[in-house]
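Just the one chain here, laid out as structure tokens, in the form predicted alone.
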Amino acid sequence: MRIILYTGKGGVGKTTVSAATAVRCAELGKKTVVMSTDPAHSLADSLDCKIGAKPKKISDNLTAEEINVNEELKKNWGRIQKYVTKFLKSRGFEDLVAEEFAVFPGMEELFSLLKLREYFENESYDVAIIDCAPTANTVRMLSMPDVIRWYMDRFFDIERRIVRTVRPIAERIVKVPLPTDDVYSSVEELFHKVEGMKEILTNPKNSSIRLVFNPEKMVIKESQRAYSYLNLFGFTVDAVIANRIYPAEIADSYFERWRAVQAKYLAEAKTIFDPLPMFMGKLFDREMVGLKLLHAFADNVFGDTDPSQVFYKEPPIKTKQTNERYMMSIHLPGTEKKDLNIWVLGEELIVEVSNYRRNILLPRSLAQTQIVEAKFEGDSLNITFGK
């Protein structure tokens, strides 16, 4: 199953692009589902029909679904959430505050994607189009599996054995509820689900992310940062879509300057995102809602191109051996040295880019080596390991 995730700064038109892509894929004879994981759903408005948490057939080959975030959260996090809430309340937190803190940032969107895993494993569709939340939420969501894996690898088994041993005595002394085996089983089950989802989404043969932006300075900069963060966590971006471009037929002196500004930023965007293909969609004279107008929008953006194909397959992180040294290359366009920190701790390479940190478990060949050199070459951070 081909999976395409669309994200971008709020208000750039990613839902319209997602819906139009799904319409075009369905017209090409591919069994397609378009799903919204954004808690503030607008997919139904774009398709101009009522949809909900269950798959609804929109037309031949096209199904749509707006994931119920609360339902997915309850199903996947409910037992753990009850324990965390109970623990926080025992430490003096008010009920509502405890319930709010029991859900970690990024989890709602992440659990929404678990439904996608079911479709993938059951081969329910040929193509799945995901209308994600705005960029910051999407990056946070996609980085969550690494956070969970780090906890599971480092502490889970040890913590579980300790708690099982001391629970009968500790709860009487400290008056704090300790997690039961059911809670630990839920954590373990959730980890395996999330880990499986990460493997699917980081496989460039099946899955890719596309960034939607408007030709404006702040929007392009945010998209560039998102591109770097996604690369850091191993997700392949295979295309970008510049949306709401003023067409030449707007023969008006007021918009002439705007067209010049947009032309300037489009040229910058091509340089920033090269070698990714960049598709462009014009600003229409109406809201592009409903199947007929979404068809016209897809024509404008993709022309005769099949939007379900993989446009770029190069992995964002590569490792190669040269003589007795190894080099890991991470594509981080737009990243400055002042925003970057790297170090090795045990068998992990830790990379910090601005507010995001990734712990990369080093392969055995690198685990016993040291960082000899780290430097930028073009848009790639090249880290050389040796003894």
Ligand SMILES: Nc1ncnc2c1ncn2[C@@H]1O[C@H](COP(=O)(O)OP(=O)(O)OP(=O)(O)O)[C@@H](O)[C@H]1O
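Please read these numbers as outputs of a predicted model, since none were measured by experiment. We number the residues from 1 along the sequence you see.
Keep in mind the form predicted together with this ligand is missing from the figure; the text below concerns it.
- prompt: Any of the heavy atoms of residue 288 lying within 4.5 Å of this ligand in the predicted bound form?
  reply: Residue 288: yes, in contact with this ligand in the predicted bound form.
Residue 145: touches this ligand in the predicted bound form, heavy atom cutoff 4.5 angstroms: Residue 145: no contact with this ligand in the predicted bound form.
- request: Indicate whether residue 363 is a 4.5 Å heavy atom neighbour of this ligand in the predicted bound form.
  value: No, residue 363 sits far enough from this ligand in the predicted bound form that none of its heavy atoms falls within 4.5 Å.
message: Can you tell me whether residue 316 touches this ligand? I mean in the predicted bound form, with a 4.5 angstroms heavy atom cut-off.
response: Residue 316: no, not in contact with this ligand in the predicted bound form.
query: in the predicted bound form, which of 277-285, 69-77, 200-208, 259-267 comes within 4.5 Å of this ligand (heavy atoms)?
result: Only one stretch qualifies here: 277-285.
- prompt: Does each of 11, 244 and 297 have at least one heavy atom within 4.5 Å of this ligand in the predicted bound form?
  reply: Contact check passed for all of 11, 244 and 297.
field: Heavy atom within 4.5 Å of this ligand in the predicted bound form - residue from 215, 234, 179, 134
entry: Exactly one residue meets the criterion: 134.
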